[in-house]
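A single chain, nothing else alongside it, follows as structure tokens in the form predicted alone.
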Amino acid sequence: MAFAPVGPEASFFAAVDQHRASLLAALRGGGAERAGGGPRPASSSQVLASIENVIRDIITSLARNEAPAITIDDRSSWENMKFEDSVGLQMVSHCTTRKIKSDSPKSVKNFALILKILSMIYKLVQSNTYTTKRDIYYTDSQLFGNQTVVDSIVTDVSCMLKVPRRSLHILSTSKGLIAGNLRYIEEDGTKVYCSCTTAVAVSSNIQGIWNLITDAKFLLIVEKDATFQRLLDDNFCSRMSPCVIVTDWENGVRFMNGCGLFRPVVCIVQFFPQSVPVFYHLKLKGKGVPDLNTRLLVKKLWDVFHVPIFTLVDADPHGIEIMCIYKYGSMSMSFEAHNLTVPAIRWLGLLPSDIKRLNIPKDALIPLTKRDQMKLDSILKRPYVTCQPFWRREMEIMADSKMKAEIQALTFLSSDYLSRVYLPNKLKFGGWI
């Protein structure tokens, strides 16, 4: 491997190496093995047959003078969820369903839109071509109304047909960036190098990338733009090399798509030359809900390399939610949990207990809003919190204090405290939960 080590001495990573050894031991012992399940890649003929079955049922209903309806598993109820520590949130075998009726004023438009998208999928699979959800929306933006409608229907169709989205020949527009100690080959043969001077978009075809190479000691998921950029500016990546960081850079990708460029690094270098990502690190940043490609990439890197994965999020309910989705998944994508979740993920920071331990000034803290408190209460009631007592304790500290803190609060201690003190100490002394 041609990656030149420029980071700390090997002894610095003793705690990280020990953590990895325990993860590998759990894998060998079956403690982190996954039971079979979840949608598997489907052949084109299987997808076409599944769509034909849906249409056949609709025609049968019409022949009987009955109003056709489409049945979809209900992913909005916790009663339809089950939790396994080795997999995350999954749907129960016999869950309740909801019907999209063609004779109901509330659902008739949704019924028609599902049929339209099924028709588009059928043509895509038949012709072995691919499109994005964004492209589907722009085929008739007035009809769909907004992008979320398309996103929701594509997820529903994937659940209904019980196949991953890629099998539908629909890709998500990439919202992530990777940089550093990683290289791989795209399905079309394009060689991608993430090194000291380059950053590339998270592939829109994660399943198709191959020949991945890295010697990273850990992977860090970073929640926020400002934090991601600050770490790069502070040269954190080279000093902690070899490692990997990933960021779901939603706003950045929108801007770069506007530039008409596929790979965000081109626009970054053109407009922000001082922001070029640095050595041997791979960074993911989540803003809002982690996008599918970012989650697929984290999952693939875990499956291939089994390197420790840590999250750096705000000490607030929203940051915790993002971390939980990476680790245990979400209700909306619970039917595909086996392909998305990484239960081995650990919480590196910012921990609510760190706020008091580090004497972060009260001026740097923010009171929890009612919405924050509702979100926190909701997370505390989820089944996976039972097997994470340290997480529960941190959330209880937040609830008791009624305060939250952004990662940037650490700058009240010193401008580079995060990159030069907080994260290095956490990694060196095993400060994750």
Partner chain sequence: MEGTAVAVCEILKYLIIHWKCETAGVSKGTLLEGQLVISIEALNSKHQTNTLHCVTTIASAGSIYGGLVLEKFLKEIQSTLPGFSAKLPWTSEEASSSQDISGVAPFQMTFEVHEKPRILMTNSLMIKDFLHKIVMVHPKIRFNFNVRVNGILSTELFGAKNEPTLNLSNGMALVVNYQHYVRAKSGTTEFFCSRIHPVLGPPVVLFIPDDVAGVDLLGELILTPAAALCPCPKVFSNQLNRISSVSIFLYGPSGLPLISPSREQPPTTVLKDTFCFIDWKKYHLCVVPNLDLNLDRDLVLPDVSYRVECSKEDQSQNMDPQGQTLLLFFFVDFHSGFQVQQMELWGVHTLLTTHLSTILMESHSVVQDSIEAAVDQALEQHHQAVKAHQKLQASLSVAVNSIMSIVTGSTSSSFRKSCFQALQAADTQEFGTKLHKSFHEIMQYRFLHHGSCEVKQQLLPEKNDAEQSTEDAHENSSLEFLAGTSRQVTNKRLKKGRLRHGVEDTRAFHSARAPSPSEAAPRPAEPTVTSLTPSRASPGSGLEDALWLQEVSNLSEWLSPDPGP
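Positions refer to the first chain, counted from 1. This is a predicted model, so every value here is computed, not measured.
Keep in mind the form predicted in complex with the partner chain is missing from the figure; the text below concerns it.
Asks: Just to confirm, with a 4.5 Å cut-off on non-hydrogen atoms, which of 124, 81, 149, 192 contacts the partner chain in the predicted complex?
Replies: Only one option qualifies, and that one is 149.
Asks: If the cut-off is 4.5 angstroms on heavy atoms, which of these, 162, 300, 116, 318, is the one near the partner chain in the predicted complex?
Replies: Flagged contact: 116.
Asks: Taking 4.5 angstroms as the heavy atom distance cut-off, pick the stretch from 103-111, 129-137, 224-232, 239-247 that is near the partner chain in the predicted complex.
Replies: Partner-contacting stretch among the options: 103-111.
Asks: With the partner left out here, check for me: in the predicted complex, does some heavy atom of residue 396 sit within 4.5 Å of the partner chain?
Replies: Result no; residue 396 lies far from the partner chain in the predicted complex.
Asks: Answer yes if any heavy atom of residue 65 is within 4.5 Å of a heavy atom of the partner chain in the predicted complex; otherwise answer no.
Replies: Result yes; residue 65 sits at the interface with the partner chain in the predicted complex.
Asks: Can any non-hydrogen atom of residue 377 be found within 4.5 angstroms of the partner chain in the predicted complex?
Replies: Residue-level check for residue 377: no, no contact with the partner chain.
Asks: Is there a heavy atom of residue 186 lying 4.5 Å or less from a heavy atom of the partner chain in the predicted complex?
Replies: Contact with the partner chain, no.
Asks: Within 135-163, which residues come within 4.5 Å of the partner chain in the predicted complex, counting heavy atoms only?
Replies: Residues within 4.5 Å: 143, 149, 152, 153, 156.
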